[in-house]
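One chain is shown next in structure tokens, namely the form predicted alone.
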Amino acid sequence: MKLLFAFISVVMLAIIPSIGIGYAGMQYVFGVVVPYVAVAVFVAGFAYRVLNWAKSPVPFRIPTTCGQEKSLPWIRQNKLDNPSGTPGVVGRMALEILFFRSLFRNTRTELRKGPMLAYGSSGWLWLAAITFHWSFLVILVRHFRLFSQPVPPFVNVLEGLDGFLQIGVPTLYITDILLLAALLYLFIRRVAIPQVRYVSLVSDYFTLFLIFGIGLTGVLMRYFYRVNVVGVKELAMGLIALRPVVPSGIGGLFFVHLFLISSLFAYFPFSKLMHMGGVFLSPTRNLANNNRMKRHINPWNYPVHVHTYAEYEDEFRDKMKAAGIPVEKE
């Protein structure tokens, strides 16, 4: 039921612009108003979530440590898994953000016959995740050519690398296939593995279907149902310049694609996709483990009278000596 509800929701999102464009002539609404509203919600929601996280106090160092910390000179420190300074933290964060290092090192457990607990690698999950994220990023950068004139040189270079196989006309981009394949694997894994299916929510399926719908409509426009690319760029340039114009003859499929993208933008700050911003603010990752080198005091602790050991001994010295308990002062 969760899967079906998420699928129907995305289908309904695709139908809305189709009806609005085909029967009500609402090109301006779906081409200008909806994208502007979606971007405004995205920026405001993203900023609110990040600022709210940033205000959360972190009085103690709580990094996740998976290696030897800095100790005696003759003990080798693991500078990435247990960083003691800023360079190590930067390196650890870079590996986490760019290459999903913790996911690559993740292990899965299975209870097999015996009973026997078996450990295995999550390599396929890591491969699908990093393929999806990098393909999505490359596709996003490729779309910069719609928002700039002249086209930045790095976009041309990236397109050349992405389409170096030169399969068919127009050129088949590798990332288009990789994105859909990675999404398909992530969906099958979520459905096929009972433990993952049990903890999956409607929002998890909805996000997968929504991104898959965006990728599928994009592939259909590029390889099967051609749209007026000149008109699309004119619309995109107008949106960026705050002088929106909706050219005629763009095609209804483009407005479905644009509406799904706008839905993703508006939904982004309220979903698990906010891990894109949250990973930079995770105290288990962005803090150095220097607890033995520096004392960290809770900043909101109010002053309290502490009964020190010296005071304790002064108060009970005679009784301690009578009981044979050693004392520091005679």
Partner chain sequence: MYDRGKIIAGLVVFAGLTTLPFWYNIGKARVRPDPRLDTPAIRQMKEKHCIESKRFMIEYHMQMLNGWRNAVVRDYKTTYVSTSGQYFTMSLEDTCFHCHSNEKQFCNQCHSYADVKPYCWECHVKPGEEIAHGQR
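Just so we're clear, the structure is a prediction, and the values are computed from it rather than from any experiment. Residue numbers count along the first chain shown, from 1.
Although not depicted, the form predicted together with the partner chain is the subject of the following passage.
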Spot the stretch among 122-130, 141-149, 184-192, 102-110 with residues whose non-hydrogen atoms come within 4.5 Å of the partner chain in the model of the complex. 141-149
Looking in the model of the complex, is the partner chain within 4.5 Å of a heavy atom from each of Ile15, Tyr28 and Leu180? no
Ile240, Leu161, Ala94, Val202 - the one with a heavy atom within 4.5 Å of the partner chain in the model of the complex: Ile240
Looking in the model of the complex, any heavy atom of Asp81 within 4.5 Å of the partner chain? no
Check Cys66 for me: does it contact the partner chain in the model of the complex (non-hydrogen atoms, 4.5 angstroms)? no
Considering non-hydrogen atoms and a 4.5 Å limit, does the partner chain approach Glu234 in the model of the complex? yes
Ser71: touches the partner chain in the model of the complex, heavy atom cutoff 4.5 angstroms: no
Residues of 13-42 having any heavy atom within 4.5 Å of the partner chain in the model of the complex, listed in sequence order: Phe42
